[in-house]
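First, one chain by itself in structure tokens, the form predicted on its own.
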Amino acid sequence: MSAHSQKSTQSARLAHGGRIDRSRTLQFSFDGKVMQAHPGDTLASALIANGVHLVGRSFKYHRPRGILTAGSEEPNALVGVYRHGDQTPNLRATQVEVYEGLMAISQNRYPSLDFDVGAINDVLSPLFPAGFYYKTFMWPKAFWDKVYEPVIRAAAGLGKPPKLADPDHYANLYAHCDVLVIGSGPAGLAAALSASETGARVILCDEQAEMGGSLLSETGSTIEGLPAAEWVAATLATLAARDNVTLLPRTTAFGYFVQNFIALAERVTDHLAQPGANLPRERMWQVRAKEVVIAAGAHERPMVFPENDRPGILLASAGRTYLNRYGATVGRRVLVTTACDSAWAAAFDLADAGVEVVAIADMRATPPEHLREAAARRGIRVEAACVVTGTSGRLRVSKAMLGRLRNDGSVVSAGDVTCDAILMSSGWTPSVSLYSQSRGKVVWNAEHEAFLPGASVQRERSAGSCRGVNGLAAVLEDGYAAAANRQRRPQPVPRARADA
């Protein structure tokens, strides 16, 4: 029986939308259970589309863990993937691409993910304070070699190491370019366009399988009169047609060394069911660039509240990405808790897709009026000066307790809401890791309440959100300016517009 004729397992998949290839259906398994997905899915998006949020257990107390993000910053959804009869542990489900026959397993649980005997550690957690083992396991001394150490070693780690020799091969490649652009969001695409227009040799790399960054999840903005995703497609086609441009998707910049020497890791065949025998599994690019533009974007910060680690609690941008890029809904009844504007866009997109947004709890006393009006048009309840004070649910969140912030800083109960997902956002932190590797010093910016890149030590420029520039039009302009070549004036910056 073909996958097309089988009943769909994708209970949380929208009937339309997303950037996945709905003309083909793939089968994969997670912990032995066969599920369905589409080309373009990551393992994380496929699991969410199948209604699966519990994906692992925490290291020490074996607490239930779910998908938190949609990118490489994912801390929870670490899985093992079988390949050549052996498994590769601790891969992020948000980066593993689904292919026909993919076999993935959860980690750090026994005998199963739903029923893990190690969860007794959570019940006994008051007996296991931080550092308790330094004194506890020192007596009697003779027990260390034969009792304590073997047990501790057996319990350490998350995944199981491979048992067989690695049959894959790996490649190295040295390259030179005039401009290396790291990140293919709006700032990175603008920088690549600006630099390539002058005839400079440009390499544009991005860790995602599809270039475009946040623009691929954007529904309410236009650039040069085109929807954001269409502008991305047109821009990538323009860049691909230029002989002086090299596009490297699935490529992570992981090292910035002296004299603008950058190390890139390209995943070549991990996303293929049957990779060619002559293809390497990964390729390391060692690039010497005359100039580097870092367009690494920013990381969304979670809200801090008790029990904010339950499965079904995600970052707001992740919920929006799964909806708009993958056509998957993170829940049927969703609560949004935030301290900034961006999470409201996720709430609006979910509501427009038919998902019930039970409330937007904004800890600010006076959220912007235009956002409140947009919420009212969609029938979304808004609670200002409101925070989540706790959650409940065994293997997935089922209820959230709300609290009202008083002027004196105290919190009073504002009731409970039933929900099967919570999206949270307390703002954005610029990604400055590569800049710091270049030996640059970050500087605290009181206005942005974040550390931003300071003076460049090497021939490097940061652009867009990674240096605190916000707003689509401003980010595009900053990307163009960062890569503007003095030999020829770049073309006009594309005009961008965002709708609430």
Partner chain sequence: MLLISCPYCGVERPETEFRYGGEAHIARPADPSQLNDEEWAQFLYMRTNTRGLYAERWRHAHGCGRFFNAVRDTVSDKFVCTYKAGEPKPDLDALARASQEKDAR
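Residue numbers count along the first chain shown, from 1. Model, not experiment: these values are computed from the prediction.
There is also a form predicted in complex with the partner chain; it is not shown, and the following applies to it.
* Asked: in the model of the complex, which of the listed residues (F143, Y82, F261, F254) lies with a heavy atom within 4.5 Å of the partner chain?
  -> That would be F261.
* To do: Could you tell me which one of V443, A474, V34, V457 places a heavy atom within 4.5 Å of the partner chain in the model of the complex?
  => Selected option: V457.
* Is R439 close enough to touch the partner chain in the model of the complex, meaning at least one heavy atom pair within 4.5 Å? -> Yes - in the model of the complex, heavy atoms of R439 and the partner chain come within 4.5 Å of each other.
* Asked: Quick one: is R288 in contact with the partner chain in the model of the complex, heavy atoms, 4.5 Å cut-off?
  -> So R288 counts as contacting the partner chain.
* Do Y174 and the partner chain come within 4.5 Å of each other in the model of the complex, heavy atoms counted? -> Close contact exists here: in the model of the complex, Y174 approaches the partner chain to within 4.5 Å, heavy atoms only.
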